[in-house]
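In the block that follows, a single chain appears as structure tokens, in the form predicted on its own.
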């Protein structure tokens, strides 16, 4: 009997906006009224909160952009540039899609293929896109793996070419890219500060209206209804991938989650249950949260030491929290798990 489960990665938006005890900085503006907007898009609930005299204008522009981007990137909408690419094998995509694909190929290369946007047929076979959950036959997995590989995606300007049997899906990066663009829209339209939660992916513009940092809570992967830690951020994205986010229980009693390892076509099971990335770019954070989950504990640590342009919080399957030294003074552990700082040494 298959049992399906779905939880959010981070706390609900209302819970994310934890009150800060620190008010040492001067207010950013005189209008401290919170303006909010909720949108359902990309198969998730998106919440936006903005401050300032132009907040409503910014929120309306952001909502319009979200809906347009969804129509461009949807893998199931036959009129989207991605669906048409998958159908024809070659075609011109939008500037937004081009930017996402370029980042996907870049992170795929730097992580030895841990991020692979050509795994859509495998995700569909496991049932993660259709909710027809089942464990595929090994022969089917092998066949679908043979028709995948990010390195076979060719990007030339806005033109993308993929082998005839390939299909790509940008779901692993789309919400991170969207939150980046929402922050741009907020700034362009004169909002003073803002924070968004796109299905649990959080990104902030500036600080809270009183000048204090935003506080974002991250879910405990072993008890997804509770929080594990609190991060203080300003002008950052916080994006989590975990094995508890979307999974089903197979007839064998094991859990199978939606993050597929391109090495074998099975859900990634390399010692991590949760990866949270904190950085300036939502697109990069979204891509890395998936890629480092696939890499596993040791290789994820090695990747951070080699690049150091982001921070992260790892949770291992033996219930240890490992967080990078760059957020040591902005990290509060509220779980029962032991937490340790990862240094460069």
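Just so we're clear, the structure is a prediction, and the values are computed from it rather than from any experiment. Residue numbers count along the first chain shown, from 1.
From this point on, the text means the form predicted together with a small molecule, which you will not see here.
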Stretch in contact in the model of the complex with the small molecule, which is absent here, among 157-165, 109-117, 206-214, 89-97 (heavy atoms within 4.5 Å): 109-117
Residue 70: touches the small molecule in the model of the complex, heavy atom cutoff 4.5 angstroms: yes
Close approach of residue 38 to the small molecule in the model of the complex, 4.5 Å, heavy atom: no
Distance check, residue 44 to the small molecule in the model of the complex, heavy atom within 4.5 Å: yes
Interface membership of residue 284, the small molecule in the model of the complex, 4.5 Å heavy atom rule: no
Selected contact from 232, 269, 169, 227, since only one has a non-hydrogen atom within 4.5 angstroms of the small molecule in the model of the complex: 169
Interface residue in the model of the complex among 194, 85, 185, 260, criterion: non-hydrogen atom within 4.5 angstroms of the small molecule: 260
